[in-house]
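Coming up, as structure tokens: structure 1 and structure 2, two forms of one and the same protein chain.
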Structure 1
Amino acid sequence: MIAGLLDGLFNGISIGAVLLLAALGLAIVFGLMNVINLAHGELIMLGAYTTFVVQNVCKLLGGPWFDLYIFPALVLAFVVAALVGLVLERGVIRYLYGRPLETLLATWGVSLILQQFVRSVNWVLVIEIACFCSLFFTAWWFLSRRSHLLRIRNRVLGMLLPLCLAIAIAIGTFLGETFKLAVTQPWFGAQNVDVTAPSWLRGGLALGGLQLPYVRLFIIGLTIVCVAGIYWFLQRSTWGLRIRAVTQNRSMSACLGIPTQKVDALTFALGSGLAGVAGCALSLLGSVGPNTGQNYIVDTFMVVVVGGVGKLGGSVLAALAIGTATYLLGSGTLALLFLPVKPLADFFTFFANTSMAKVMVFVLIIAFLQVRPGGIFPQKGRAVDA
């Protein structure tokens, strides 16, 4: 009985670590910037697919590269997701600050685009996107450097947009037919792909009567490192001070010379990069598919809301509590603990599966938010008044 409870607690904590790792980026974007980013799950998915690509490259290299691929995969997953997040913030989000409904709809549309992009990306599509970006943003840069053209820049860009798109499609079609790229299968497709853990992450650590998987221990350790790094960055670094200042009072920060637009871009890129790291870690636990991020987006929002918007410590407690409660309910551990008390045992047995356990956790969260609508650590001071 005790061994089963300890095993349940470890598995619950490991699930909580996974949720926390996935929610860290959202805690920054939603908590500090007050932006509802429904594409956060797709940023997690991009991190997972980056890990898959790095794994295959290291397999081709052979030797010890495969056993070490997880470390460059973590870095590249962060970079790829951060760059996509930066483009999303500069191209979409920056125009929608203070308009939560429009932001929600726009990021939902971006999430659908990213899902379809992963399903159908191939060499032709990559060539077309590269050509379009080269033509359009070169024109943007040229017009921005000519002061006498600033008045008509938006009108010219509006005309150049379909023209650059048509040229890019023509170039992609021509190269695809010339080099037989048009018949190339999509890189990933709609089916799930598998990421194999390095040999040193297989197996588990025997501790008494428990078997602690190395993968779960690695994810817990990675989560601790990420939380400590984010805390240090926000509390000790210059840019962390600027982020907290802009969060508290944007107008006063701008008056003091803080580049608020750069702070917004950095914050969003940081939160997106952390989503990529979460995707890298999650790829070790199961197959990766276009819908991978959708499996975690609701849970990550729950972690941030229950912990308290903008509160890193609250997110840690909420993730551990939600993960532990979900596993103890879904695995039937609580039903076994209350076996001597038949009514309670029957009650917890009814919820002893994954779907019903989530229902019970949702009910508990709703009840908790009725008592503490601000979460475990509610906001105080100017952040609430804003």
Structure 2
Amino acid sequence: MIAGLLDGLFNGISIGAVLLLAALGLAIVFGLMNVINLAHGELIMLGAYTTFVVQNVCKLLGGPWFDLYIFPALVLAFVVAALVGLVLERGVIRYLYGRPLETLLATWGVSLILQQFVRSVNWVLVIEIACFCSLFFTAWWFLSRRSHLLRIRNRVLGMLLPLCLAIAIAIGTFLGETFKLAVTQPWFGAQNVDVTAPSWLRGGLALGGLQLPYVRLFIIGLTIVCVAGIYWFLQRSTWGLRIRAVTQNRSMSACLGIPTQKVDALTFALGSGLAGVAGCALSLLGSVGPNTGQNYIVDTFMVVVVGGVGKLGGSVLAALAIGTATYLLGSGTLALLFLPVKPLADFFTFFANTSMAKVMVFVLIIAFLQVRPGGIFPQKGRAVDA
């Protein structure tokens, strides 16, 4: 009984930790900034792919490197996802603040682009994009520096756009024809790629009757570190203070000299970077493929909404609650517990498989949100402006 309880607790927490880790970035982006970022899952996926690349590099280096690849991978996954998040914020989202519907559609589009990007990325594509960007943005930069050209800037850019595109495509096609497979072969392809946990993370810690998988322990540890890190960053550091100030009252903060644009970019990059870290950790448990992100996106939104938008503590609690509920329902533990009471036992047995457990968890969440529409810890006081 005690062993069963411990088992349930551990598994519930480990499912919750996965949910929380995936949702942490979103808790910041959606919770603090109110940006509905549907590309969050794809940032997770980019983190996972970064892990894959780092793993392969470390495999080449051999020996002790391979056993420790996970640590550089965590850092790099954070950096890559944060950079992509930064570009996303500067390039798309900052034009859409305060317009949730458009943000939703735009980020959804970005998520599709990112998915197809990892499927079809190869040297030709990368070179084409690099060519196009360098040509086009150099022209832009040049035109905006010369003030006497400002009047014709738009017209010139309109002509330059197809020109740059044509040059880039021509170069790409030429390379593709000359080097053939070497440059046209996709880096990752549409198939899933394999990320193998280092040997010290495989297997598990035997504890009496149950076995605690090392990977799960690692993810629980990582989640704790991340939550503590964010807490410290938001509550104790200068930039954290600024982020909180902007969240509470944007115009007042701007009046007081806080660079709100920089704060926005930083917050978004931080949230995206955390998604990358999540991707790195999740690649140890699940698959790494173009669709990896989609598997998590619904769950992450669920966690943030249930927890209460804008409250990290709420997300932590919500993730643990959802994780434990999923486990207890799905594994049939509740059915066993209520064995003496026949109708209850039958009821829980019906829900004791993964699909039905998911249904039940959704029902519980809907019921809960009826009682507390703001989530576990609703945002109090003045409404946050966008």
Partner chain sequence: MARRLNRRRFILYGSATFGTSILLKACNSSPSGTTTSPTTSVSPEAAGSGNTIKVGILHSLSGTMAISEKSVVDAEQLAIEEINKAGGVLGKQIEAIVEDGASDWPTFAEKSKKLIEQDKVVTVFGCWTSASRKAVLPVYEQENHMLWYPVQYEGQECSKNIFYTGAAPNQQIEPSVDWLLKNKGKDFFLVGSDYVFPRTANTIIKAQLAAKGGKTVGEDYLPLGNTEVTPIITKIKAALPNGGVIYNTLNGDSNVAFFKQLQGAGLGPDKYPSMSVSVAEEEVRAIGPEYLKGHYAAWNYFQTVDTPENTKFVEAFKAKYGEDRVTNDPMEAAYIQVYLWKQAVEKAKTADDLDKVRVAALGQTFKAPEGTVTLENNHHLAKVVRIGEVRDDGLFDIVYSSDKAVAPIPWNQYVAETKGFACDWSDPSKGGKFKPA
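Numbering for residues begins at 1 and runs along the sequence of structure 1. Throughout, rigid core stands for the largest set of C-alpha atoms superposing within 1.5 Å between the two forms. Note that the coordinates shown come from a computational prediction; the quantities given were computed from them, not determined experimentally.
- Both panels show the same chain in isolation, but it is structure 2 that comes from the form predicted together with the partner chain.
- Shown in the overlay between the two structures, fitted on the rigid core, is a CA shift at Gln235 smaller than 2 Å.
- After superposition on the rigid core, the Cα atom of Gln261 is displaced by less than 2 Å between the two structures.
- Here Leu175 counts as shifted, since its C-alpha moves by at least 2 Å between the two structures after the core is aligned.
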